[in-house]
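Listed next as structure tokens is one chain, alone, in the form predicted alone.
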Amino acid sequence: MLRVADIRVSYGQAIAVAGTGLHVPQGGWVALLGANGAGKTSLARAIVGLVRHQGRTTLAGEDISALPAWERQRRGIGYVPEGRQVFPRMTVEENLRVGAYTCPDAEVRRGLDMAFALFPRLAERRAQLAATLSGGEQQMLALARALMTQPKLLLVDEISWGLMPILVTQVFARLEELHRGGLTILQIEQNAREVLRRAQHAYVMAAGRIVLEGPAADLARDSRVVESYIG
């Protein structure tokens, strides 16, 4: 589904991603682990076209390297950014409609129906400003917004960040449901224990490069991963 190769991202003289890559098979669930500052979010933003970068990105066999972010979304990438990044002065429904701004009206209506079926709490709060939602509800909104276009690939960046344990369980349950439905997932996650329980394959990033990869179950037992990310 996704293959990225030799991706390079720099901010001035600072190198965030130093010529690295990964691949995500169709229908797979792949985890990307690493400490803060390892380059994970910069790699994600390169994949979705939000930062200037070098390298090659293909989605479902199509080279999308030269496409802007909105065209990559139209090709089938859904993105849940780090820190939720909902629009606080817009309602729940308005946030969702922004997620489908490239879609015709009929697809927007289908997306809204799907989002409210998946997250009934958002349906109850569809007219509320996003700023009035709890952290867990905002995370639901960010996820639902990314799903509005019915993407082929869902790229999720730190979805459990700042959530209470019970909400982390709920969010992962939603991802499991989506994955069982056939959605391909690439998940950046600090909560290594939870994501490695669910993903099939995992990568570890450090200093802008992939330094370790393998089946998720194997990495969950790897002493380097346990010491650094699981404890």
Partner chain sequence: MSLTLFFQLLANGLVVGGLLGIVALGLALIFGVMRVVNFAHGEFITLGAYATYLLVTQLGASPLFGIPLALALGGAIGWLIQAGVIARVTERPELDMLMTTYALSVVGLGAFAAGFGGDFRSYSAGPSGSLDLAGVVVGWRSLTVLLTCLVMGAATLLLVQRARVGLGLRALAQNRDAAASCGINVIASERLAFSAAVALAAAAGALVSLIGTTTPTVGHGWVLDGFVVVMLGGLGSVAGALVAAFGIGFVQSFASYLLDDSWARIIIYLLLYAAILVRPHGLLGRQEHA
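Numbering follows the first chain given and starts at 1. The shown structure was predicted, so the numbers you read here are calculated from the model rather than taken from an experiment.
A second form of this protein, the form predicted together with the partner chain, is not displayed here; the remarks below concern that form.
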Thinking of Ala5, Tyr11 and Ala18 as the candidate spot, does the partner chain come within 4.5 Å of a heavy atom on all of them in the predicted complex? no
Assert contact_stretch over 62 to 70, 32 to 40, 194 to 202, 162 to 170 against the partner chain in the predicted complex, heavy atom within 4.5 Å, equals 62 to 70
- Could you tell me if Leu141 has a non-hydrogen atom within 4.5 Å of the partner chain in the predicted complex? no
Notebook entry, point to check: Quick one: does Phe119 come within 4.5 Å of the partner chain in the predicted complex, counting heavy atoms only?
Noted result: no
Checklist entry - Hey, in the predicted complex, is Arg45 touching the partner chain, heavy atoms inside 4.5 Å? => result yes
### Message
My question is simply whether Leu50 lines the interface with the partner chain in the predicted complex - judged by any non-hydrogen atom within 4.5 Å.
### Response
yes
Taking the partner chain in the predicted complex and a 4.5 Å non-hydrogen atom cutoff, the residues of 88 to 115 making contact are Pro88, Arg89, Met90, Glu94, Arg97, Val98, Gly99, Ala100, Tyr101, Thr102, Cys103, Pro104, Asp105, Val108
